[in-house]
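Encoded as structure tokens, the following chain is the form predicted on its own, with no partner shown.
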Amino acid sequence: MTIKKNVYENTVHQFNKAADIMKLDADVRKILSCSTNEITVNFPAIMDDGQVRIFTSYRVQHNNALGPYKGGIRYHPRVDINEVRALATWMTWKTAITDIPFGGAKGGIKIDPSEYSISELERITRRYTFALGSNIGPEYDIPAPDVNTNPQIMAWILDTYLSMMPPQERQRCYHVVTGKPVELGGSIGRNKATGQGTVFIIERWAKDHDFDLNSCTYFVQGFGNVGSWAARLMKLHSSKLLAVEDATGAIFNQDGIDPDDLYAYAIKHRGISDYPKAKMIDHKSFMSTTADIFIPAALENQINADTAPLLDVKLVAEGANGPTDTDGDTILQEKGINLLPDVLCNAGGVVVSYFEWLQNKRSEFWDLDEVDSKLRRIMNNSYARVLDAVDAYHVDWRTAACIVALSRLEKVYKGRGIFP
């Protein structure tokens, strides 16, 4: 079995490859090659039995040349500083590619949330927010949901942060976090935004390749927020879902799986295992599924030297962050499989987070048609920028996406100069 690479090594490789090809300014390269701030906090929280546990958490602020730091918070036992560094760097690239006024950040707590009660998770979340203190803020660093976090957790972060503000300032701070419940200032369409953005990019790719989504087959890895929404939105094209994998196992049905029915089952049973309308298969069989499109929407490094040779698809659309390592990238290119990279494909989440942030600042509320139409326009424009870079530099899509991001950041730094 091949040892999976440190996910940050993949990020550094992607950065250096793009910087070399575009001949990135040497001084700008030094700045962008590292994070601005890296915060590690070990904080206590009281459990239901009265015992105190210590939790390790991180917040990495990679770059804010384009605007406030922006990035999700994940709760997962595999969270470490290198993972958070990588995710923060990719967020810097996403916001630059989509041309929205944010920088890149990411955070996380090293925790398996399934091992804790709701009341314990609330106390852990509130204490994490308190520990971060002024390291987050509505015009400085704006968290959002990520793996194993949701609108409820964002609501706890919001309430804790507001409680730390002077009373006269609280109503002006609701945009400290995005991905909130709609009733607390969240945006319509935010919950499906990452999956929706992924499908918008797939639609644009299909149009460019004269590919009919109405008769295509696909399979999805990960059936949380991103994977389930991508599957349900692909259903609107009458595309056929053949296989799904999550942390509980993998399932397959040659005649197709109804994403809405599977989602209802997964919510009730906390996973897709033993879904009665499909058969259980192993991981290798899942990755070997013959289909038109594969949407990885789970964790990092899933497409690697071991699994990339198994793929039998026309397109990989990366709904997850960093699902393909450098070996996997090389193999996909050798196999002639098209790839829509994460920093383009899954950027819908941060785009609609930007919409939520704007609505909160302006005391506005947009309907779903407005959110979706604005999201489609931004995703299509981002796709066009990356396609132009593919043609201009004769590179793969991931490298082209990185070049688009670095080019925008380079212009900002050259225009502003380096203080003093």
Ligand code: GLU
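Start at 1 and count along the sequence shown; that's the residue number. Computed from a prediction, not measured in an experiment: that's the story for all the values here.
Heads up, the form predicted in complex with this ligand isn't pictured, but that's what we're talking about next.
| field | Residue (of 302, 129, 321, 196) lying close to this ligand in the predicted complex, criterion heavy atoms within 4.5 Å | value | Contact with this ligand in the predicted complex is made by 321 alone.
| task | Find the only residue in 350, 96, 176, 231 having a heavy atom within 4.5 Å of this ligand in the predicted complex. | result | Only one option qualifies, and that one is 350.
| query | Closest heavy atom of residue 329 to this ligand in the predicted complex, within 4.5 Å or not? | reply | It does not: once this ligand is placed as it appears in the predicted complex, residue 329 has no heavy atom within 4.5 Å of it.
| request: Mark residue 317 yes when one of its heavy atoms lies within 4.5 Å of a heavy atom of this ligand in the predicted complex, and no otherwise. | output: Outside the cut-off, so no.
| said: Contact with this ligand in the predicted complex for residue 146, defined as at least one heavy atom pair within 4.5 Å: yes or no? | reply: So residue 146 counts as contacting this ligand.
| this ligand contact at residue 190 in the predicted complex, heavy atom, 4.5 Å | Contact check for residue 190: yes, within 4.5 Å of this ligand in the predicted complex.
| query | So which stretch, 64-72, 385-393, 372-380, 22-30, is the one near this ligand in the predicted complex (non-hydrogen atoms, 4.5 Å)? | reply | In short, 64-72.
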